Ligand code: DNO
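Below you'll find only one chain, the form predicted alone, shown as structure tokens.
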Amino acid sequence: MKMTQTWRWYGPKDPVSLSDIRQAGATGIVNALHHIPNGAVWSEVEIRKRKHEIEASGLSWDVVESLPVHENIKTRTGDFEQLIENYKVSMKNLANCGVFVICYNFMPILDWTRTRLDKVLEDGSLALEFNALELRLFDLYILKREGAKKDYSAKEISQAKIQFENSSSKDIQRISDNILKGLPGSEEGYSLEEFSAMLNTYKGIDPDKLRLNLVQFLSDIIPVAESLDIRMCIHPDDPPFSLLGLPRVVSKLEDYKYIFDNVPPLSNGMTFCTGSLGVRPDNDLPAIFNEFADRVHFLHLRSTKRDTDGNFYEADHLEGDVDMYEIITCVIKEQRRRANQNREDASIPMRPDHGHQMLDDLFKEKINPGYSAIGRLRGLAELRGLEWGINRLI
């Protein structure tokens, strides 16, 4: 039993074409309608248009990533009830068009966050990096968030001040842009003023409140998912810890246990992202997978390399801090278990995630950071070979 090999594609403007993806060996596409405003309904017309484009290339639209959750839903303010109804309509329209796996996240304001997009590795390729010192520099001396100093030690504040005073205007701009404007797949981009205003909408929302808001949202949509045979899969926080005073509640085993205990149907599942969860040294990835294996509906396979100061970068897929051999062994065993139960979802869709910028992609005018073609091609080939070998062994 093999994983379903998919590839994230950002639509017609993606510099990586559907033809490129097919040549890479993937059979399915992970896609979203990024041109539709966050919170608006995805119509059947727009869904079928995209689906036809994908299928005309010989591929299938296997996973939606992401059907975004509006900030008003996360805070349960303003028109959140209407936005939830819109979300349900989009789910129904996707099911009517034959798309049944929906990945989403519940990260406040910011989607996945990095401070550098071009960390030079020893082999000359470029990787995404999160630098905790640069994040503190942004928080304390660029954003100047109210109350930020109470979140850091005196030593951390002093280090950030020294780093800020010795940073060039180019570095300051880079850090701000990477945090505020978002990376591929992010739902929104902000100016500094807009971001400060957004932070204010989360005043009074601590982790317990955000968890409750998430469970209330799921209580509304999971019955719809069950009726449509849709598999909802929440993506973990990236990185899996609080940023800029914002709570994060999908970061470790206990978080998932809370979510699934409160909303038990199997339609309420997870996107198992080895890179995001692997950033925390206290996360036992095989244990998390095995605890919730029956509701893993989607796989992001990548590895990160962390240090003791809270920094990490995207490593090669088979290196870094993630034991990919152990993870894929767990996946294969779960797929075989599902196959023995005649489950329709026995083959779990996976995609290689966050490849390095390398070879010819280093010289292209336009690439999506983390989503260039050749780095992900390398990752897919490595993962495919590892899976093949494990299947022969067990």
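Residue positions are given as counts along the sequence shown, with the first one as 1. This structure is a prediction, so every number in the text was calculated from the model and none was measured.
Only in words, not in the display: the form predicted in complex with this ligand, which the text now covers.
Colleague: If you check in the predicted complex, do 7, 9 and 270 all have a non-hydrogen atom within 4.5 Å of this ligand?
Modeller: No, none of 7, 9 and 270 comes within 4.5 Å of this ligand in the predicted complex.
Colleague: Answer with yes or no whether residue 353 is in contact with this ligand in the predicted complex, where contact means some heavy atom within 4.5 Å.
Modeller: Flag for residue 353 set to yes.
Colleague: Just checking whether residue 107 would be counted as a contact of this ligand in the predicted complex - the rule being heavy atoms within 4.5 angstroms.
Modeller: Flag for residue 107 set to yes.
Colleague: Is there a heavy atom of residue 112 no more than 4.5 Å from a heavy atom of this ligand in the predicted complex?
Modeller: It does: once this ligand is placed as it appears in the predicted complex, residue 112 has a heavy atom within 4.5 Å of it.
Colleague: My question is simply whether residue 103 lines the interface with this ligand in the predicted complex - judged by any non-hydrogen atom within 4.5 Å.
Modeller: Yes - in the predicted complex, heavy atoms of residue 103 and this ligand come within 4.5 Å of each other.
Colleague: Picking from 341-349, 327-335, 63-71, 46-54, which part of the chain touches this ligand in the predicted complex when contact means heavy atoms within 4.5 Å?
Modeller: After filtering at 4.5 Å, what remains is 63-71.
Colleague: Counting only non-hydrogen atoms and a 4.5 Å cut-off, give the residues of 279-302 close to this ligand in the predicted complex.
Modeller: If the 4.5 Å heavy-atom criterion is applied to this ligand in the predicted complex, 279-302 yields only 300.
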